[in-house]
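Structure 1 and structure 2, given next as structure tokens, are two forms of the same protein chain, each shown alone.
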Structure 1
Amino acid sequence: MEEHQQTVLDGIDPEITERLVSRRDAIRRGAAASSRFAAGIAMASVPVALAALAKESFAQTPADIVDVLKFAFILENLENEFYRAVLGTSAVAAQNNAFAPVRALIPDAAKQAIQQIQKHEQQHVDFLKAVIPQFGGTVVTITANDFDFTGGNGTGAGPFIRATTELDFLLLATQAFEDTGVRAYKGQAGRLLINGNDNADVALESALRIHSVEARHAAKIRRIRRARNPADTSLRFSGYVRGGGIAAAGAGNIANPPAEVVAALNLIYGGATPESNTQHVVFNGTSAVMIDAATLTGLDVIDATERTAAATQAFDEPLTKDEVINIVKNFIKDDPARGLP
């Protein structure tokens, strides 16, 4: 298996926890002497502080770490510029104008949630922009002009164009962007598990902190969608993802979705390890073993269907880098100079 196809659950074990704890101890010991760490604390941002320490405290950085950070930077820009266009705050008037019809349909409560999510995405962009050079990388130039939120690769008339005029379609697209981000971070985390590399530990901890926020964004949007569609039980008030493929998207309230959108949703909630997966690798005290979370001993008091549903809800599943690129490539205009993530 290639490194970028490793999963978090395959890779994280008690050893990494110990390493992260040791890393925190080192940070505490060195904090007093680090001006950049102090600056990070002053910004009330632990990730920024960790980034400030990264270059001061460690030597070489594997290319994998920089690649993961640059990949995350492009995805975060995609999400951030999408929300800015939806809210009418993009630096590009054409992006704002495209979403004007649907913007007028967004209820105040949902708009406030989207505004808060956009602020988070801007912070993720700013963080990654600051941290990539600290790890020896070069930040790619990418602006609102580089995105086509209709999924048309620059035509402005792709299969997601109904997100600019229909509120339920917009919320479905928003949920899809967030869930793609969640699964993308999870798929990349395995590349940051590098034995004995403290830089990788720092990057991993920061990536997992962002991952958890992206998951909360997706859950929030899912709850908004369920409130608008009370009969659609595939959308859980809890915010959990249930099942896999198109069924996990909860697209039942979208009339006649384009085939390309159905295909995209199947990719977002499917993949080599679909969201419906119930089998996971765990450490049993002596070795790694595979378990099926839906058939664990003692759970047979629960209906089998509900037991399987609960098992799928209990775990987020990863997307590989190639799978994510296949999903987002039509939302990012081709640019040979920049390249895709």
Structure 2
Amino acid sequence: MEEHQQTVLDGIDPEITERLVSRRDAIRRGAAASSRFAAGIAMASVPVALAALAKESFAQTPADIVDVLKFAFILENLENEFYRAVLGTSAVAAQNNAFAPVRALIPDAAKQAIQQIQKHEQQHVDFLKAVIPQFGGTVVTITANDFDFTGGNGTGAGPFIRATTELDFLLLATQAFEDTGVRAYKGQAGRLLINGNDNADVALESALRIHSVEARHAAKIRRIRRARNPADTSLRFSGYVRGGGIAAAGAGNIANPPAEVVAALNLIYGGATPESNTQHVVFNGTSAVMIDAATLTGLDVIDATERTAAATQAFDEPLTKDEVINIVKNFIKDDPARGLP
């Protein structure tokens, strides 16, 4: 068994650790502590106490729900308007015109897939728009004019401009948007976990169900890209994300990718918990343990040279909200009134 108890400390991200510390201070000041904290502290068992604190410190508030849903709404609009521009169905003529060259290059089969994906993004936008007010939130107004799909923050000439003229570049950008969506939802799910709050459960379940649809989209685009580049085994027929950073993007068929695009892909498949990560925390009811999926026993049937790659593929990883904002900020024109970035 490859359990590393010590990583109870290492495995919790810094933000949570900060909250642990503040929670600990609260306890020290005499705030209510559950018997579990008290027992853990009394035994001077640091891991047990920390684990118990971590569990209770994750408590979220209903405000988190609205924040997560509004964040998702902006990202879904970004995706939806991107696909509408690609397909030529944007309400803004300039967006349609920008993608006209690449649109003419999209084979019909891929176009049908993109239309299906766009339909889902529109459904996600509409769903979130309907749901946010039910949680007391206000839906911000977003139009196609708010986006710059070249990643130029309004210049229309950002590093992703080749997506408007090159099919492989467009498909790479599409995959990157979808994988960012998967990672963004995964990173936010914990903020929708409010024990004993049925409304939060509803939001969480819908978010999880949207999250897996985004993963389907990403897998399909990866398969389309692999079919166009059969030798590039970093693009799996299984639709998996293999490895992390630029290697996980499967950008090998993009000639001379701009440095800014490489940097963006390193963010999209990297981050504090990069896609190459093989170590995952689980709370088993008593303590949090970190387990390395690459060195488990019982993997005999998997070729030894494949185990690490397989372990990276077997788990998709989250992005934090800040990481997502850092990725998408240049695709969304600056507008403080809109709230993001």
Partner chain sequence: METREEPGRGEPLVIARAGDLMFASTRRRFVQRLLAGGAVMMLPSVFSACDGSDDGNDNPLGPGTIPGPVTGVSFDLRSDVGIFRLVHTLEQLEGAFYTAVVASSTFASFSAEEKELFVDLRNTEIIHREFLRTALGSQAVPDIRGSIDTNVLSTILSSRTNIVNTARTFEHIGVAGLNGAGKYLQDARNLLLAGKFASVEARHAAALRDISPPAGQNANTAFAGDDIIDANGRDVKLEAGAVLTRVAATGLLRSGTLASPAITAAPTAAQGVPSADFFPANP
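The first residue in the sequence of structure 1 is number 1, and each one after it adds one. Bear in mind that the values here come from a model prediction, so they are computed numbers and not experimental data. What we label the rigid core is the largest C-alpha set whose atoms superpose within 1.5 Å from one form to the other.
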Matching the form predicted together with the partner chain against both blocks gives structure 2
Rigid core fitted, then: does Thr305 show a CA shift of 2 angstroms or greater between structures 1 and 2? yes
Val282 C-alpha relocation of at least 2 Å between structures 1 and 2, rigid core basis: yes
